[in-house]
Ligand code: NIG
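Next up: just one chain, as structure tokens, the form predicted on its own.
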């Protein structure tokens, strides 16, 4: 049965905006006193509420009262939500002046989270994950990418991926799983990085593919993780196996984004260290640039050059990088609002980066826009003007959230 949701003071469908490059706010379509017609979890039409009600007299009405602005649901295309424990000790050291790499070399960093996550059961990880998913859903995030990478052993990576699958069974939003077994070289692996990656390719990825535990593969290219040569070979084989590939790229040093482009990765994420060369290469490619402002805030470092990437013609998504170490806050809208202030991003560019461009970074084409045939994933904010959403820098939260046309908040 059809359902008509509305009327909304404003609906911003984000239709007709480009997948790449800069976007001026005057390109935003704004539909006043509008509604959304939904059937079978999919949008049938967006338009004037009263006209839709007249033409669809049989439709169930879900009436909206007061001033409300409607946006597509957000897609957080880069998170590490499946973990146990915290890294508050790391944070205290960092704000006292220690660098990320110094902390990692002294026994903190990612390996600390690996140790704590290995100690948790699958059910415990799933329960912790559901709590974080619930908070994200309340903030209007209707699609969440979640990485493994705190197991770094075959059985431990499988445990993490199964925990994500277990959480997905009772989640109100969509979870997209990524294998990040190539997060760092495990301290308990007896061999060089090249042998570890071969071990993952031969023993883990075939099982993941067989059991449908993940559709994507990621790798961290950095001094503390894996080099360009090893990562290139690893991603090429993973892609041949049928996985989409993505890269933790250019966070502290460059090289990773070029690998991402050369192997045809769906996205290159981080990019804080990217310079003019990398920006031009990314802009000329079909690889989505994913800015992670939460990591910049958590580490006290520069943001990804979002303005330059957009001006060069890149497709820019914005994600939270929610993780226990460098980005523990996890508030996607607040982070995007702060990034927009520092990098001078238009409202249209921020909304695009949180919705259909973020969906593109996940190779998803059925969401992120409010138009016929797209998933009925949307969120409403208690205000009369869409510009208030970023103006409040993340403090204005959605009043209602819908997933596939069903209200979840």
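Keep in mind that this is a model prediction, so the values were computed, not measured. Residue numbers count along the first chain shown, from 1.
Not on display, but discussed next: the form predicted together with N-(iminomethyl)-L-glutamic acid.
Check your understanding: Looking at 257-265, 77-85, 202-210, 335-343, which lies within 4.5 angstroms of N-(iminomethyl)-L-glutamic acid in the predicted complex, counting heavy atoms?
Key -> Within 4.5 Å of the partner lies stretch 77-85.
Point to revise | residue 136: touches N-(iminomethyl)-L-glutamic acid in the predicted complex, heavy atom cutoff 4.5 angstroms | key: Answer no; every heavy atom of residue 136 is more than 4.5 Å from N-(iminomethyl)-L-glutamic acid in the predicted complex.
Check your understanding: Is residue 251 close enough to touch N-(iminomethyl)-L-glutamic acid in the predicted complex, meaning at least one heavy atom pair within 4.5 Å?
Key -> Result yes; residue 251 sits at the interface with N-(iminomethyl)-L-glutamic acid in the predicted complex.
Review point. Would residue 142 count as a contact of N-(iminomethyl)-L-glutamic acid in the predicted complex, using a 4.5 angstroms cut-off between non-hydrogen atoms?
Key: No, residue 142 stays farther than 4.5 Å from N-(iminomethyl)-L-glutamic acid in the predicted complex.
**Study point:** Proximity of residue 163 to N-(iminomethyl)-L-glutamic acid in the predicted complex, heavy atoms at 4.5 Å
**Key:** No, residue 163 sits far enough from N-(iminomethyl)-L-glutamic acid in the predicted complex that none of its heavy atoms falls within 4.5 Å.
Review point. Within 4.5 Å of N-(iminomethyl)-L-glutamic acid in the predicted complex, heavy atoms considered, which of 110, 146, 282, 235?
Key: Looking at 110, 146, 282, 235 one by one, just 110 meets the 4.5 Å heavy-atom criterion.
**Study point:** Contact residue in the predicted complex, from 274, 315, 246, 326 (heavy atom within 4.5 Å of N-(iminomethyl)-L-glutamic acid)
**Key:** Flagged contact: 326.
Point to revise | Within 4.5 Å of N-(iminomethyl)-L-glutamic acid in the predicted complex: residues from 129-164 (heavy atom criterion) | key: Just 150.
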